[in-house]
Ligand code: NAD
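Here's a solo chain for you in structure tokens, the form predicted on its own.
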């Protein structure tokens, strides 16, 4: 297969309205107040877009964690008894506050994370607010059963009760949206939450917490302490005053959390590795367009990104050419430029993983067709070229690890059963994609793919906030479900009350 000369990647332009604001010094949110950390130290946050410092956050100590947990325990005693409709009203007020801060949150997200402002950052903020609206309505319908008793003098009631004090630990790729997936249903259900944003995107989390506090929340029901996982994260996870933990991130970190949490209740969403399967009866042009979106949206930094592409051998060469056309259309550059479709990677860790995975695949026989390296001429070296790599062998790291970058990694299957085998070889099972025009083949695959979610004839980044999302059993993608009422049901426990009315006075 011959490859056309690739078009030059665009240079980064920096319009006047994207000049960097003065770096702000943020504080910790503890018991309804914004306070300095007890260490007196600060951590600088650099933008992957420009390399400049965009803010500072306090370096927290174990003492700060103890204060936050103490405040949470005191707040939980009252908050859990607040009527559900009052909690629902709080969630609507939070959504309105996030709407008021929409542009500020999106701009900060672009600078801190690299998301294109119009195409990705603004929609991310909008869905953050929507999650609070969904939770507000879901809690009004959090109904439980009345169970018949074999004793005619008894009535058996069930009630959903909040677990109590939660810690929510979230990653950097969607620094307001992913937190809202547990903050909203958790608070709506009567829990109180200590929120630890990622150290790679702490300012967006702190700014969201600021917006939430505009909703006149009771002190202590939401607290925000960013910091590194081995310190702040571990102190929270292992603290005896914390009842439950919600975590989104890598399976490696998830294993550590599970080992440190003891008997605490866990809600874990721990990533995926695609893949998307292209059958020989698919609409190939549409499949390539949507698959490329799954590869390059958010620069591939999505847990359900199209990491791997498994193509039926009959249409392999045609599909590869279509994917190359799609890759050439990606515009890499300044996230504040409305013409840009892909910004930089968020951090050096992700860029190095891309380099390691691509080098490994090529060494094992894969063919690098487009991109495959850091782009030159940009303010930081986190701008990574959209990459297409073909004939990826099944023993390559790409086939078994989450790359988390702008990568279209293509492998070939001999027939339907071989494609199913290839899809199921790795340890993940979060969200897969399938392109086919046959209902029969669609359900043949649906019954055999080991995945929590399967998207047929659309990209693997397809998402609706009220739909259950999570890993398949027997995989390392986690357990529990993110999405609407399904998350709320994971953040409450069932309480049974038996009443013998023969011994009750009228």
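Positions refer to the first chain, counted from 1. Nothing here was measured: the structure is a model prediction, and the numbers come from that model.
Beyond the structure shown, there is the form predicted in complex with nicotinamide-adenine-dinucleotide, which is absent from this document and is the topic of what follows.
With the partner omitted here, the stretch from 101-109, 368-376, 253-261, 281-289 that lies within 4.5 Å of nicotinamide-adenine-dinucleotide by heavy atoms in the predicted complex is 253-261. The contact residue chosen from 118, 228, 325, 360 relative to nicotinamide-adenine-dinucleotide in the predicted complex is 228, the criterion being a non-hydrogen atom within 4.5 angstroms. Comment: nicotinamide-adenine-dinucleotide is not present in this chain, but in the predicted complex one of 190, 429, 333, 171 has a heavy atom within 4.5 Å of it, namely 171. For the chain shown alone, residue 196 is a contact residue for nicotinamide-adenine-dinucleotide in the predicted complex, at least one non-hydrogen atom being within 4.5 angstroms.
In the predicted complex, residue 402 approaches nicotinamide-adenine-dinucleotide with a heavy atom inside 4.5 Å.
Taking the partner from elsewhere, residue 162 is found to have every heavy atom lying beyond 4.5 Å of nicotinamide-adenine-dinucleotide in the predicted complex. Mapping the unseen interface onto this chain, residue 340 falls outside it, with no heavy atom inside 4.5 Å of nicotinamide-adenine-dinucleotide in the predicted complex. For the three marked residues, 178, 233 and 469, a heavy atom of each sits within 4.5 Å of nicotinamide-adenine-dinucleotide in the predicted complex. Of all the residues from 267-284, those having a non-hydrogen atom no more than 4.5 Å from nicotinamide-adenine-dinucleotide in the predicted complex are 269, 270, 271, 272.
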